[in-house]
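Coming up is one lone chain in structure tokens, specifically the form predicted on its own.
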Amino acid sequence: MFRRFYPSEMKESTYSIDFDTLYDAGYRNVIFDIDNTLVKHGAPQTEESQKLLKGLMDKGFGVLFLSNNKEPRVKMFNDPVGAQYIYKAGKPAVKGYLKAVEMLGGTVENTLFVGDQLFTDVWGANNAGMHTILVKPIDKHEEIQIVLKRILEKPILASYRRYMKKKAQFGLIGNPVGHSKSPLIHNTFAELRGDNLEYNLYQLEESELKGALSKFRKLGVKGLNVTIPYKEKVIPFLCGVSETASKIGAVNTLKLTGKGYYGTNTDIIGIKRTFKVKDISVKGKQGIVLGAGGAAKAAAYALYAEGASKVLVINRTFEKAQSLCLSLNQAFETNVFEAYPLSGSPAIEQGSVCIQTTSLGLKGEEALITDDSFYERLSAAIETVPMKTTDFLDRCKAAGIKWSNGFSMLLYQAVEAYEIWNNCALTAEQIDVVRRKLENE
């Protein structure tokens, strides 16, 4: 009964919201209520509010004020920062919220709403499908009609707090998943931070995928990771995907929204952070991707984004490699991506950086390429299979090049996913604790 009024999260103040983390999670627009959310009722802009709003716009957020007040009040408040606004918005009617999203050029999935009232601000934004943040009113001295609303809000907020104390559910979907270290990572982060959540494994057949997502949504499972072989196949069942994930055609992280699961790709972040931690330089070098599945798409894009001069995709099924390269070249308006057959003799340049994305290591099979001369031409290599070692890595070690096993990428993509799901920032110390656990497993 009350859940329609629950905010996505609740903060002490607008000024305590971590907008940097929300930006990193993919949000690009913020809609604000004004009175008792940013300033006291009827007050003009303050130094604090201007600093916050201008900082958000400088970072790249679209900002809009959505108010039921008349235009003179809203315009007066907006003038010092030059954002956008809607007056006489008719909250909680959905129409005003959707108009605001349209004016910002965004989507309900990448737009936040911040307000201080449940029955107008939060209820309307929830119905529009936005991520909602309820803040405590700045001034306790309010008009009588609002005081009455506050009385009615009390049982709902009490119910919300009880609800939030329940253990939040997260998990991994794929096939197979029994080998996964993701529960160790996420449950350890939760323990370190004191977060009340649980992370589980869900092995699914492809025929079960759509139904399982529907079931997870009804159960309120807040976030899911996606692994082999569903990083591409899950997309038709989502309410939306991030711009980059859409372009590469693969997701690995799902977050529950009011309209269903929204997909992003944190594999890219996992690879990029592995480059940094392992001191692997990519810029100006040739990149090589072994495999052409969902993980290969993230790997190819990461190499491209880090400045690789060319990205070769090598796969047993040449047509699949061709299709991947064609889609990436079209999506990013480039000709950097090139497909090569496994049986061919690709012009591997000295000093190339290779990312291995096939599942061969999970099965204990030989690497996709067994020619020693291939490895001798590499400067560095990353294995994406979360194993301490594989035949691919053994060959890299024998060649004396820089290497990283799949635990590094697994860790950093998980860090990004955890922060997206929980709107938080993990500390270096917390990440180090989990890294040591992985290494000692």
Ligand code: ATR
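Treat the numbers as computed from the prediction; the structure is a model and nothing was measured. Start at 1 with the first residue shown and count on from there.
We do not show the form predicted together with the ligand, though everything after this point is about it.
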Query - L112: touches the ligand in the model of the complex, heavy atom cutoff 4.5 angstroms - result: no
Query raised in the report: Looking at the partner-bound form in the model of the complex, is T357 within 4.5 Å of the ligand by any heavy atom?
Result: yes
Query - Touches the ligand in the model of the complex: M130 (any heavy atom, 4.5 Å) - result: no
Query raised in the report: Taking heavy atoms only, is T317 within 4.5 angstroms of the ligand in the model of the complex?
Result: yes
Report summary line: The listed residue (V241, I173, A292, L328) that reaches within 4.5 Å of the ligand in the model of the complex by any heavy atom is A292
Report summary line: Assert contact residue (the ligand, in the model of the complex, non-hydrogen atom within 4.5 Å, options V177, L368, A212, V81) equals L368
**Report entry** the ligand in the model of the complex: contacting segment from 96 to 104, 182 to 190, 158 to 166, 292 to 300, heavy atom within 4.5 Å
**Finding:** 292 to 300
